[in-house]
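Starting off, we have a lone chain in the form predicted on its own, written out as structure tokens.
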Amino acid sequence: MQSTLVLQNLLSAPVLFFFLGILAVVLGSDLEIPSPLPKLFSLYLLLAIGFKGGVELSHSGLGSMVLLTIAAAILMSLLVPISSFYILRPRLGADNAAAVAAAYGSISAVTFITAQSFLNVVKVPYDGFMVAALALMESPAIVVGVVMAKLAASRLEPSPGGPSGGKEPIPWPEVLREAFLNGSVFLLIGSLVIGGLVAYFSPSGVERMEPFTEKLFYGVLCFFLLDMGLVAAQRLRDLRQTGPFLVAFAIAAPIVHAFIGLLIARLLGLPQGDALLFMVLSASASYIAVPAAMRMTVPHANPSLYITTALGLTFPFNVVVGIPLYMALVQRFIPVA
């Protein structure tokens, strides 16, 4: 890995604020972000990235490269939870394995946004249509996770901490509602569509949105990662419940999934910036949408396992180490366009 990439990532303002949040918890500071604001920051980031992605998608159109990339992203969001489930089930049981697998098959929008910020710092261009892949990767993993848990229950497989057996029907209305109508997915897809419509029918509307979607973006990202640092450091205290196997999985899985993403990006002929974003989508894990869905549809799964691994381990790893590591691989294996 090139040391300059690591330094550029570590010394970027968002990552430094993330470390500041961790340091505040380690030193016992009473620093906190008032509870309504992190949710507002999250909604703002999703709205801004969705709107900008829709504008870029309107400019690029739905060409073969766009459609193939989106199809490959959806395929990854199906294959990752299935393979992860069978790796995790012998150690965790069906319910816990399904919840963790769904988290790792899904995505972290904040990791994606941090990767975009990193690409801006290193001045590597990327296409806005990657936001469409981001928007469409969350839901399939949720559906797969729930289906795997319910299929295992229908085969009378006991799950540690869960029911001893018994056939459980798949609650399709709840599954589909959580998969496609949870707040983050709905806002991201809606903003993507609105950005495309505004860019196509009223280009002046894009200019009027720029102070909101462009000027404020970097500062809000810093505030949000400061809060993520606080939350992630607090989650690290729960690592004793995960065990060494799950800790190893939380670090190894993003590396393996990113490498598979690299192979797919090379096969598709994606340029370096898009290849990095595809790797980040493949390597990240959801700690917002998936936990909300799993609590409702797989209630016997232990939230400490799938939230702590995704937020306390994989998210910091990707933000601090993973992004520059993946970029070094991209520069090694993806030729400059």
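All residue numbers are counted from 1 along the displayed sequence. Note that the coordinates shown come from a computational prediction; the quantities given were computed from them, not determined experimentally.
Another form exists, predicted in complex with another copy of the chain; not displayed. Remarks below refer to it.
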Practice task
Evaluate Arg266 for contact with another copy of the chain in the predicted bound form, applying a 4.5 angstroms cut-off between non-hydrogen atoms, and reply yes or no.
Solution key: no
Problem - Proximity of Pro211 to another copy of the chain in the predicted bound form, heavy atoms at 4.5 Å - result: yes
Handout entry: Leu216, heavy atom within 4.5 angstroms of another copy of the chain in the predicted bound form
Key = yes
Practice task
Spell out, yes or no, whether the shortest heavy atom distance between Ala250 and another copy of the chain in the predicted bound form is within 4.5 Å.
Solution key: no
Exercise for the section: Report yes if all three of Val121, Phe186 and Phe201 come within 4.5 Å of another copy of the chain in the predicted bound form by some heavy atom, otherwise no. Expected result: yes
Handout entry: Option touching another copy of the chain, based on a heavy atom within 4.5 Å in the predicted bound form, out of Met137, Met148, Leu226, Val80
Key = Leu226
Handout entry: Option from 258-266, 175-183, 91-99, 67-75 whose residues, in the predicted bound form, bring a heavy atom within 4.5 Å of another copy of the chain
Key = 175-183
Exercise for the section: Would you give me the residues of 187-207 that have any heavy atom within 4.5 Å of another copy of the chain in the predicted bound form, in order from first to last? Expected result: Leu187, Gly190, Ser191, Ile194, Leu197, Val198, Phe201, Ser202, Gly205
